[in-house]
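A lone chain, given as structure tokens: the form predicted alone.
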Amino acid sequence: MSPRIPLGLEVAAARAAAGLSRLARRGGGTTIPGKLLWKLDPGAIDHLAARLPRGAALISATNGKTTTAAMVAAILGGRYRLAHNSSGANLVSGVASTLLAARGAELGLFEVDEGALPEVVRRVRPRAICLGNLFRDQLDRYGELERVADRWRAAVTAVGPETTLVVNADDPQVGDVGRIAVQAVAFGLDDIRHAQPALQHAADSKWCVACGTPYRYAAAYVGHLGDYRCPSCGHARPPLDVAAREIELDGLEGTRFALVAGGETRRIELRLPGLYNVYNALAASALALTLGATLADVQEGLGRFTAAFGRFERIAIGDRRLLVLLIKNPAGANEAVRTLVAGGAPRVAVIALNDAIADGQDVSWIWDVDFEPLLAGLEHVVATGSRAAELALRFKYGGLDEGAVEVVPGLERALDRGLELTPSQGELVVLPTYTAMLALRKIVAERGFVRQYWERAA
């Protein structure tokens, strides 16, 4: 057996790899150093995490984990020195890279891929875990929701009573995971005015996790998230410890709501639109409070928060503006459409569909997205990405006139075409899948309109 390399040398080698990656313009060094450290000594991650004097918190969800983590960072950044993977590198290698780069950090704040969560939990031994939601996403990679939920249950069962679980009570699978924790904090929406008249056809967790009977919903907010109860066995949404009430949606400009926690109420002004961002803010609030923030900290931090990269991000391009909103599964895309339509449907949009591993190679999910309300207001759509033709076919079946759809597979050309179609002082809406979003930001950054996402995150 070869002798173990000293941790200091492993860390130095991995940090050097990050520097070389940036020097060679191959990226921001957000994953390569962690991959190298993982190869040299997987246990090094455990040792680095154990050095954080305030411990670590993990955030995982199908939708919203990047935004939620960024919100928590905005709330806690003035209180603690954070090790935060703000670039979105959320696999084990990304967490490791963040630990390597975070000299002098007190608290680890890591968004974590749904599939990677059990391994990260085992190595980091977090003091808090926030579980936001589980939607059908990348079935070729993750499998069905129940499989991910079972892995999450096993991971939570293995942690000790010192770990607090923060869960979205409005999600039946996630809320049920919270029941097995010694310490749990449940959050959710409590404003029936914003409930849908019925579950969307693409809703996922419709059946009781205990007996399989279809749930009855007193309120369904986003997909299957809401106030549910099983008429057969009584399995129901847990009581809310942190809630959003009196929610006001201000089109594309933002949201306002009453944050209720611990018998106190604070009015939150959020510069992000949509109910899904109220959920993100609730998750961030509940986790931040668990980690020592006050309600005043939460109110101030959320009040100055702006969008995470690619998540309802606005970028000035000369005398025009891009509005970039990531879409990657039916639930998230439906909320993007819902929010855009509520704010006044755009006339021009660029929609990008890729099928790389990070996107999910099965793109059949686009047929479960309710694009029709958005298409009804569009005069021109530029379909782009490696699966642009499938998008164009979907829009044709959605009732959009063939003459209004233009297929431009190359993303850079599609962006330029969209900008040509956008009038001066106008806003071009771009809905990309994950790898298309990263490629889009690279194009815009290379043109000097925005910093690279890892530079902004630094």
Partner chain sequence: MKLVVGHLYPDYLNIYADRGNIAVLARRAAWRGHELEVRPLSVGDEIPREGVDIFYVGGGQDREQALVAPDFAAKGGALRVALDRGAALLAVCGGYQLLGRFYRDTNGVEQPGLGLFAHETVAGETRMIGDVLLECELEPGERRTLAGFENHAGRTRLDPGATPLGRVVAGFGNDGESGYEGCRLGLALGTYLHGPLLPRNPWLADWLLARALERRGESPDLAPLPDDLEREAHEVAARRAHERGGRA
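Numbering follows the first chain given and starts at 1. Since we're looking at a predicted model, the values are computed, not measured.
Beyond the structure shown, there is the form predicted in complex with its partner chain, which is absent from this document and is the topic of what follows.
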Original post:
Would Glu144 show up as a contact with its partner chain in the predicted complex if we use heavy atoms at 4.5 Å?
Top reply: yes
Original post:
Going by a heavy atom distance of 4.5 Å, is Glu420 a contact of its partner chain in the predicted complex?
Top reply: no
Original post:
Is Glu248 close enough to touch its partner chain in the predicted complex, meaning at least one heavy atom pair within 4.5 Å?
Top reply: no
**OP:** Evaluate Leu393 for contact with its partner chain in the predicted complex, applying a 4.5 angstroms cut-off between non-hydrogen atoms, and reply yes or no.
**Re:** yes
Original post:
Looking at Glu300, Glu106, Asp355, Asp150, which is the one with a non-hydrogen atom within 4.5 Å of its partner chain in the predicted complex?
Top reply: Asp355
Original post:
Which pick from Glu269, Asp370, Glu119, Asp190 sits with a heavy atom within 4.5 Å of its partner chain in the predicted complex?
Top reply: Asp370
Original post:
Going by heavy atoms within 4.5 Å, which of 150-158, 98-106, 220-228, 197-205 lines up against its partner chain in the predicted complex?
Top reply: 197-205
Original post:
Mind listing which residues of 378-399 have a heavy atom within 4.5 Å of its partner chain in the predicted complex?
Top reply: Ser386, Arg387, Ala389, Glu390, Ala392, Leu393, Arg394, Lys396, Tyr397, Gly398, Gly399
